[in-house]
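The chain below stands alone, shown as structure tokens; this is the form predicted alone.
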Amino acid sequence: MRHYNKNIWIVLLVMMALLSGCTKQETETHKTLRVGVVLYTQDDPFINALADCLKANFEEKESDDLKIIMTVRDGKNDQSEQNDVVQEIIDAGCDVLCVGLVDRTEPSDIIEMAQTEDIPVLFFNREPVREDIMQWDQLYYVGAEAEQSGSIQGELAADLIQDNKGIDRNRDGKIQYVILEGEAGHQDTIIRTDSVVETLMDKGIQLEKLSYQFADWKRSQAENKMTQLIDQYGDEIELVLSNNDEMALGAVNAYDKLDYTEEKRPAIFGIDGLEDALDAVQQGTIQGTVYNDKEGQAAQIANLALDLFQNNSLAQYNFQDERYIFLPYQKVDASNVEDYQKQ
């Protein structure tokens, strides 16, 4: 009888061990990736569109074995505020941070917080300086090269000017132009402005600068600045180069409200490939834009976040300098705008 009881206890112990093993295995296969996405502001249409693409990518990656929780927060265009938001996300529990910096030169606090908790950081849209991003091997940047966007904008404008002599309305052999610039001191503002002018000159276009105006990337500010420029220069303005689409659309609004005819309007070019800008290109109120591949950037961010979380190999990524992923900008004008609208 004692021998029989002993066997029962052995069987029970074995069953308990097996059940314990199954429970542990089941827990390990059902994982949750918590991603904190901190934007520099939620007032930027391109950034919001990029965040939407990122959310869609993470949703596609969910499965019975993997749940992904993406939390989006607003830095409110204040670096101190953004630092506080990052700390809150870390305290709440986070596996990967995705950060569009307010100030690209001030990532140190965010890096320190993340490194202390061993949380990888994927910076996007605003590229940190190299010295900062190289200080820890869990820091990455996904975006596009600002110089290329300005160069492509210059190529689009040069092609139109060379193919359409009517752009030079006063027939003086020079193109009178204005530039609507983004944020004062911002890397993309400086590089896009310099590279578009340099490209136009390299293409043999004779230029005469009328004015450069900062409009902080915003449509409403650009409309106000453009209204002032039109009041000052009238139809002398033959070309408007905008650091982004929102400001280019602001310029269109200014001309619309002043009832300028098509013949007296300048050629207008933007950067980003926003939906409204693509529609404007199709309608002919904007002559071209430079497509900033938000879909491609979002896919790269989502893939990299998941691979880092799962400790997968990163050999498949085309890193520059071991930490950077750059996606190319693309030309958009009336000849191909429908291809981008379908995206």
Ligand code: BGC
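Keep in mind that this is a model prediction, so the values were computed, not measured. A residue's number is simply how far along the shown sequence it sits, counting from 1.
Beyond the structure shown, there is the form predicted in complex with this ligand, which is absent from this document and is the topic of what follows.
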Quiz item: What stretch, of 59-67, 299-307, 44-52, 312-320, brings heavy atoms to within 4.5 Å of this ligand in the predicted complex?
Solution: 44-52
Quiz prompt | Interface membership of residue 181, this ligand in the predicted complex, 4.5 Å heavy atom rule | solution = no
Quiz prompt | Touches this ligand in the predicted complex: residue 217 (any heavy atom, 4.5 Å) | solution = yes
Practice problem: Using the partner position in the predicted complex, report whether residue 238 sits within 4.5 Å of this ligand, counting heavy atoms only. | Solution: no
Quiz item: If you check in the predicted complex, is residue 287 within 4.5 Å of this ligand, heavy atoms only?
Solution: no
Quiz prompt | Partner-contacting position among 265, 169, 73, 126 - heavy atom within 4.5 Å of this ligand in the predicted complex | solution = 126
Self-check item: Partner contacts for 188-225, taking this ligand in the predicted complex and a 4.5 Å heavy atom cut-off
Solution: 188, 192, 217
